[in-house]
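Take a look at this one chain, the form predicted on its own, written out in structure tokens.
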């Protein structure tokens, strides 16, 4: 493969992976906006949602669209349960308490995932590996499906927040819950919906990721790197999270291309290195809103 083809194909893979990271990062973003905490259970929620789709497709023989819908429903339900059992009772407590509780939920979901997947040989979600050459670019069907799912997820979240009454109400609650209560908005119900929709968004992103990669427990590592993208960009900015996810995809792919021949594996760690550098310089992220606390 010549230099031009290598650069073009690496750039395309970076774009696809960046959109997946952006979609994964939106799950963190929605929970943070609703509860000002990072949902540390999301990496295992991503794995669990991928397992649901795979088991529905491979074991029960359901069509791929139906399996996808089952996964989205499971993600929404898990988000609602986490809000009712963890976020609501801990409301008003230090944020670290809720984050610790979601870390506990991570291990609970991991145990459930291990039991649910026992006896199954994990694999793909049934998307055939069909390739098409477009000039120097070589595109697979899985790339197209993954990019379509992740971009549709991103667009749906943006449309929800900007152009629907529900999205406006959720934004109002996230920015000023006491003011939203004074205006008669059902804060608890909207917070619960935010967690549920975040779970569904994470499940949709998990499906895009599972189309691109094999279904298995290592999918949680991609979700952790998406958290790095969220922190790098700023957790309270939807546009920033999308930009951060895309930037992460390009940093990782081109970093692997340039550095892995000399230092194998370093390219996949560049996300965390970039996150640490940015957070040391700007703790709220590049696009995050700096909060001034009075003491």
Partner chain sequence: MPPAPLLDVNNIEVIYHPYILVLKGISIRVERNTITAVLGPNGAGKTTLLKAVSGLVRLERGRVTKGSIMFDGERIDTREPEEVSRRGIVYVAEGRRIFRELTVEENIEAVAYAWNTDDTDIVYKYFPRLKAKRKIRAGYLSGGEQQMLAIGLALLAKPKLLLLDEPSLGLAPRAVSELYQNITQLYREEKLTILLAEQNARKALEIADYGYILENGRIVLEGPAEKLREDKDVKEFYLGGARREKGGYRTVKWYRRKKRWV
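As the structure is a prediction and not an experimental result, all values here were calculated from the model. Positions refer to the first chain, counted from 1.
We do not show the form predicted together with its partner chain, though everything after this point is about it.
Screening 140-148, 216-224, 162-170, 201-209 for residues having heavy atoms within 4.5 Å of its partner chain in the model of the complex returns a single hit, 162-170.
Taken together, 258, 260 and 270 are entirely out of contact with its partner chain in the model of the complex: none brings a heavy atom within 4.5 Å. Heavy atoms of residue 180 reach within 4.5 Å of its partner chain in the model of the complex, making it an interface residue. In the model of the complex, none of the heavy atoms of residue 135 sits within 4.5 Å of a heavy atom of its partner chain.
Among residues of the shown chain, residue 186 is one whose heavy atoms approach its partner chain to within 4.5 Å in the model of the complex.
Within this chain, residue 99 is remote from the site of its partner chain in the model of the complex, having no heavy atom within 4.5 Å. The partner is absent here, but in the model of the complex a heavy atom of 190, alone among 72, 190, 90, 80, sits within 4.5 Å of its partner chain.
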